[in-house]
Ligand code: G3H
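Given as structure tokens, the chain that follows is alone and in the form predicted alone.
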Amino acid sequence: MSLATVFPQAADIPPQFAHKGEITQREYLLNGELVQWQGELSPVVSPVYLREGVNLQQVVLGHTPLLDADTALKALDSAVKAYDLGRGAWPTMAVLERIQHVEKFLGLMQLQRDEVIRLLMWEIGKTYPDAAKEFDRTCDYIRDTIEALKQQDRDASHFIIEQGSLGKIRRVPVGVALCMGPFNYPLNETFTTLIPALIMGNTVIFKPAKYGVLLIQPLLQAFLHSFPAGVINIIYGRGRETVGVLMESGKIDLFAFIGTNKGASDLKRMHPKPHRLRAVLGLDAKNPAIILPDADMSRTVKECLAGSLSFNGQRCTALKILFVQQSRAAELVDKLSSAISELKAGMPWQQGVAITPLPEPGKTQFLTELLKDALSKGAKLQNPGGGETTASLFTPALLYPVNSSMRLYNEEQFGPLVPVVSYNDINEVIDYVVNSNFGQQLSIFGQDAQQVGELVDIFANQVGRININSQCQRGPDSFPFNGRKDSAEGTLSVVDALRQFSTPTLVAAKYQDSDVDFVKQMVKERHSRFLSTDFLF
């Protein structure tokens, strides 16, 4: 069967998932208003192509505003004014009131569930179950964030008496935040920084991902009606024209970015006062699976298949390279090849589909270059039909043996290429992890408790998370999500994110009758929100 026939004809698409026609979006959110952009628009194309006879035609989903530097600076002025050096209504608002604004947004957001899920499928090729899971998980994350903030506020409601001092500690906002999310999780990963930034009292400039941008359009009204003017400003356009001037202004206090370490470094260098810039970054990863001689191969293959190829391998948490002890290499490759051959390629709305079109322009060419490089240096393609490409489709390719001379050995593929490396001495794998530029996660597969335990101790200071007999992953959201080296800066989880987007402030007085009475007066007569002892239920 020709790979081109995987793409549908227009009549083949179920009505509930059909593209409803081009969306021409001119509005963007600025200072509490949806402003109409009269300038150039940027086309939004789908990774889905339609078959018309023997031809494939890429679907144009719509257009979004291509804002300029001046407009980006207006958004910055709006956020700066709303924050007002920490004196604005939002940063000084009571925690319960900010929570009520976020709850209102959540309610309005949920009304747009079907449309956002549909756009997730059409914009980035995410399957219907995964798109639905991303939306629902994001809503759960918002609820969990609200509950975590309530608990944080409860914990801060009391005074501390220590060494002759009376103290009250609360976490307060940092300032103006710039939030930028990734295309592979344009809703969930973005909101894991955006929502904590807002709920902690920061004002925000939000720039949607380059791909997965149109799906924010149904949520603009929710943002507009849920937050005071200037608290959230949403801009569009080329990053080099909009984001650069924001960083160069020196008025960005918080930088939340999920992307490449090069992109993050380039933007951070633009800030004139880097010591005043707090960065929360989720960056590149080359997560290895380490398969020991006694690994349960059935379980290992299942986990490595999902870890390598879920959402076409387009996850920072994906397994990017598999190290297997030489004595088990043939078995792993054989079973993994069979499992990959069972994966179904198709469109996001089709039931049982695992491989879908890739949203990034030029991605299939990049993957083909990595594949050819590996083949030219001794690797062999292990699964029938691997590496075939038509338009935006690329069939998964299992490559073995892979060695250090190949680009795939160190370079992050962020796509459906599965490199397998055999080793004789576990020190070869240890050296790889220790010397890698990346340190997000790794997975260890084995049954010898002593050996696995020793490896855990070795790798604990190399990566942010070690997974035992399971694939790399982010969840659950209550667990810390971070990385070392070039893979991350800061820690994200429901609780950790609240800390990242706030800073502790202490009010202290001597623990003596006159000062205690004075503090009691301020609390009793409600002269200070900071000193309040109100308890949130």
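A residue's number is simply how far along the shown sequence it sits, counting from 1. Computed from a prediction, not measured in an experiment: that's the story for all the values here.
One more form of this protein, predicted in complex with glyceraldehyde-3-phosphate (G3H), exists but is not displayed; see below.
Looking at 112-120, 259-267, 314-322, 372-380, the stretch with residues near glyceraldehyde-3-phosphate (G3H) in the model of the complex, meaning non-hydrogen atoms within 4.5 angstroms, turns out to be 314-322. Each of 137, 185 and 189 is positioned with at least one heavy atom within 4.5 Å of glyceraldehyde-3-phosphate (G3H) in the model of the complex. The shortest heavy atom separation between residue 58 and glyceraldehyde-3-phosphate (G3H) in the model of the complex exceeds 4.5 Å.
Shown alone here, residue 470 lies farther than 4.5 Å from glyceraldehyde-3-phosphate (G3H) in the model of the complex, counting heavy atoms only. Contact check for residue 28: every heavy atom lies farther than 4.5 Å from glyceraldehyde-3-phosphate (G3H) in the model of the complex. Within 4.5 Å of some heavy atom of glyceraldehyde-3-phosphate (G3H) in the model of the complex lies at least one heavy atom of residue 481.
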